[in-house]
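First, one chain by itself: the form predicted alone, in structure tokens.
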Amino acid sequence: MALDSSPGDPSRKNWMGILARASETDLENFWQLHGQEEDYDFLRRPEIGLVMVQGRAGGTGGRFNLGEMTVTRCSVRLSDGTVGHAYIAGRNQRHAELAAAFDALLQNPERQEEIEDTVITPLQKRHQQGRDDRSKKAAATKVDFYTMVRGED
């Protein structure tokens, strides 16, 4: 189950994943440009907690508990009544708050396309560029092993 979808995918699952992976700095900058005029109330203030992460033996086998992971969650309600939620990895409360606020804004059909074009798409491109850079760096260290055969029988 991949969180990355096509760049034009307007699904909530896609934008929530992008917001969760974005940096707080990026979200703060985009909020100053596109959301600063929005008022919202907390339904659930940012809370830090733990979730159990599960793995699968061999990637496809039986499930097992891999360990715990720290997450921060938040829920907000915009002045028009739209509710936004966010769960992010780590302990960054402001990141969770901004992600929840953007989730709520993205549910408004009048603002959705604008915010997808000016916030979600750039964040997704930035994330993909980081992945590509890491892949190139890893590929540069690839070593091909081969067996040399001596001419002796």
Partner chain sequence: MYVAVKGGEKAIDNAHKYLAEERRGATDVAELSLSQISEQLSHAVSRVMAEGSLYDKDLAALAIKQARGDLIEAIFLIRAYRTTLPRFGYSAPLDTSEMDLDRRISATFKDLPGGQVLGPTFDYTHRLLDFALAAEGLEPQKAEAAEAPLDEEVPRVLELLNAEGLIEQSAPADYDDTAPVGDLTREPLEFPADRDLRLQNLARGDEGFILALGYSTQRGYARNHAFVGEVRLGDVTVEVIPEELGFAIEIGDITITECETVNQFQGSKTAPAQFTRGYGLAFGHSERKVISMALVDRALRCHELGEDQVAPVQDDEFVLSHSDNIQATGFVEHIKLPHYVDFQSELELVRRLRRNAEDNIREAAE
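Numbering follows the first chain given and starts at 1. Keep in mind it's a predicted model, so treat the numbers as computed, not measured.
Beyond the structure shown, there is the form predicted together with its partner chain, which is absent from this document and is the topic of what follows.
The closest heavy atom approach of Ser135 to its partner chain in the model of the complex falls within 4.5 Å.
Taking non-hydrogen atoms only, Tyr87 approaches its partner chain to within 4.5 angstroms in the model of the complex. The closest heavy atom approach of Arg73 to its partner chain in the model of the complex falls within 4.5 Å.
Contact check for Gly59: a non-hydrogen atom falls within 4.5 Å of its partner chain in the model of the complex. Of the residues Glu28, Glu47, Glu114, Asp41, just one reaches its partner chain in the model of the complex with a heavy atom at 4.5 Å or closer; this is Glu47. Residues of 16-36 that come within 4.5 Å of its partner chain in the model of the complex, judged by any heavy atom, are Met16, Gly17, Ala20, Arg21 in sequence order.
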